[in-house]
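Structure 1 and structure 2 below are the same protein chain in two forms, each given by itself as structure tokens.
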Structure 1
């Protein structure tokens, strides 16, 4: 049970995942405490999205365990994962909006699933969430009519509208202009400060990492290569990490 406050909200132990013939994760350990924002960095294709999908049990590990608020979710059957998933929200890399629904219906969906029936309350919460991502007025649009960045923000709004205690963000600012990115970074920070949301943020955006991260995890070759604070990351002299931060490809000129 979620007993002591020291129990990490998210705990990943020795997680391994094989997809096809490829060992994507080769033993990842991760702990995120309540109210903390953990930023996950790593090269494209190194398994960041796969890691997030394990935390919300969309994928099953080959071996290893995932615990949410101290409760192991690794072996739970789908129907019992319902309660866990109510606590954890996920923003998909592709936004994954329901394309048969309008923006408003997309946002109302998680609320209705939580049993909220009052249309006034739903309307209020939807408007509030759209306001957060600066998309008021887009309620009746269909997802295919939105730009990539707008879709991302609607996805973000759909993730936060149900007020999960824990949010997994898969590249929240990719494809957004610098100003919108900044407002998303502030939003992530605000959610954490105000309602003490626990988050994992996968990103390629160093601004997001430095702005939002309490702790930083760097994935490399299926393992946690570095774990520490923002300052420790900045101070690192490891070439794998400095190349990544400064965006050097490592090819000699």
Structure 2
């Protein structure tokens, strides 16, 4: 299905997900425009990562729809989902590298999965991706020799090497020190500008939200509680939002 420039790259409609007896998502609606970075905030257990997994069809909804570039993906068989997942790359919290492979082999793997066999093409694509994340020269390193920040950047390079139209980030700065976190935030912004990628960033980190977000979605109790710009979020006087931004529990002493 072809999409017009006005078609949202990612669209979620009335998405519900029940896990056991718990309603994790209770009717989420979301649109992400081409080239936009949408940050999804919310307390632990509010459904942020579950939403992300639905966008890449790692989970199936109880009800509702997910569309990528105007194509509904919720009912697609696994074979057709392979084409969707080439459009949508995901950076997992752990970076999900193969520990038995070098950095170069980790990046070459998804290209070979796409059917690319020419060693010269693979080498060029790997070099291009490592250059984007400032890791040229790390090709022969093993994941165990990488710092947490370097692992995250290699994971991001492996995500962009397939030239996706969208990138999903699951807590990209978790476990990183403030300086390394800042470098990852700047990298997310730089990639958006360099390759015009559409992004969804799930995070607890307000610095990441404020630095990276064009739009902010705040999930609360399985629903979209707030949707707007960074400035609108900062200006909110809603105690649910201000408690989250300030890191207050909201419980009485």
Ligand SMILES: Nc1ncnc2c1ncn2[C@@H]1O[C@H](COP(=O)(O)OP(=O)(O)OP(=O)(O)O)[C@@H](O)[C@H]1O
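The term rigid core refers to the maximal set of C-alpha atoms that superpose within 1.5 Å between the two forms. Given the structure is predicted, the values throughout are model-derived calculations rather than measurements. Positions refer to the first chain, counted from 1.
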{"item": "Form selected (criterion: the form predicted together with this ligand)", "value": "1"}
{"item": "Test item, rigid-part assignment between structures 1 and 2: residue 192 alongside residue 81", "value": "yes"}
{"item": "Interdomain rotation angle between structures 1 and 2 - two rigid parts, degrees", "value": "17"}
{"item": "Per-residue C-alpha deviation between structures 1 and 2 [residue 121; rigid core superposition; Å]", "value": "4.3"}
